[in-house]
Each structure stands twice: as structure tokens, then as C-alpha cells.
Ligand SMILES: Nc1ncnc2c1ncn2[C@@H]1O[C@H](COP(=O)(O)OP(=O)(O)OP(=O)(O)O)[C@@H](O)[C@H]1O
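This document starts with one chain, in the form predicted alone, laid out as C-alpha cells.
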């Protein structure tokens, strides 16, 4: 087994800001001098490549190619540190050890995965291989929302599971299910993160309520932010605006990840 840690970022429902959070957390870990990989396993609706300034013409091999036996997992990994100079935030990743393993954005390849599925064990082997071959400290996995076979595998092999939820009753119910499953799988480190919290509520009160509800630590309460929406995935927000309240709260979650021994 590789020594690096697998960090799965999950939410029971879509729309929680999962990909944005994953990209920013991974970027913060890379800024802290860690060797970081990011895998977009949300194969049905991939998008994390956009946050790193990549379009499909620059991506080359994708996770889909690996899952269909057309390439090795190493061939999928793009060195973001070599391509990071096109925007103010991403420019801070220049020369850092950070790799992205994107999924295909081509409709034909997405529909093939939806129609035929893929070998979940091959994906797991790919995770372990890329951890070793790139000597990663952290492999961040952007999961598909909800609970399916692939997502359960990602959760099951995680050293750290970050569950994102909004202060919303539907999210609470789904998060309760996910927390129960994570506990049944003996995930070593379960961390909650609240996103899109309305500014009129006290973050400390939200944290206290949710920790009591799920009996799990909340590493950050991130505010609902028009500034973040205005960024529109054009850049890594926490790198471009490090003093923003959203960025500071996100860095608290990154610190919680880095503190896990």
C-alpha cells in the first residue's frame, strides 16, 4: 500500500459546491508543499477540469480511457504545476506538485459509461497505482453525488472522508445516511463541512448544531457567497481571494485534512 492518504469529498445531493471545494482544498494542500493528485470520478457530470483552466482539447487521455483499458492511469495525470500561469489564482500553483486526472467531457464517452458502467476494482487499482507512481501525499477524489457502487468504493477506501452539506433539511437526511454508512465501513477520519450558509446565521451556532446532530466534527462553515458565484469557476477562488471569508473558512478545512496523522 502507498503511504499517501485518499481524501474523498462527498455530498448526498448535487449542488453543494463539491467540485469547487475539492479543487480549492487540493490547491491549498499543494501550496502547503504537499504532493497532490485529484481524480474526477463524477464521470456522469465531470467539471473539475474547468476550475484548473483546462478544456477538452488540452486534456489528452482521460479517466474514461483508463477505465476502458486504452491507457495507463499515469497517462491520465496532467501536471497542473506546469500549466498554471493563465489566471491570478492558478498562477500560484506554478511549480507545485499537483496533478489532475480528469474525466471526459465528450457526450459519447459519458453515455458509454452510463450505458455500460465500468469495473470498480480497476478504478481502485488505479487509485493505488497513482498514489505510488507519483509518490503522492494526498489523492483527492471528487465523487459522484448520492450513493452508488463507485461512490461506496471511494468512501470505503478513504483515509479521510469530507462530507459537504448545506443547512437544509434534505441535505440533513442524506448526510445522516452517508454518515451511518461511513461508520459501518470504519472510515478512520470523518469530517463534515457546511457550505452555502446564509450570512444571517452565526457560523458557530451552525457548527454546534450540526456536530450535535451527527456526532462528527465540522471543520468549516462556508458562507453563501455572491463573490464565489460571480467567479463562475473561472479561477480557484481561495487562491485568488485568500482574505475572503469563504477562503478563510475553506482553509480551516484544509488545515483539518493536513492535521490528520
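In this text, all values refer to a predicted model and were calculated from it rather than measured experimentally. Numbering follows the first chain given and starts at 1.
Heads up, the form predicted in complex with the ligand isn't pictured, but that's what we're talking about next.
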Contact check for 16, 42 and 233 against the ligand in the model of the complex, heavy atom at 4.5 Å: yes
Residue 167, heavy atom within 4.5 angstroms of the ligand in the model of the complex: no
Non-hydrogen atom contact residue 225 with the ligand in the model of the complex at 4.5 angstroms: yes
Residue contact check: residue 229 to the ligand in the model of the complex, 4.5 Å heavy atom: yes
Residue contact check: residue 20 to the ligand in the model of the complex, 4.5 Å heavy atom: yes
Segment assignment from 209-217, 55-63, 190-198, 29-37: heavy atom within 4.5 Å of the ligand in the model of the complex: 190-198
Position in contact with the ligand when the complex is considered in the model of the complex, options 145, 174, 126, 81, heavy atoms within 4.5 Å: 145
Partner contacts in the model of the complex for 234-250 (non-hydrogen atom within 4.5 angstroms of the ligand): 246
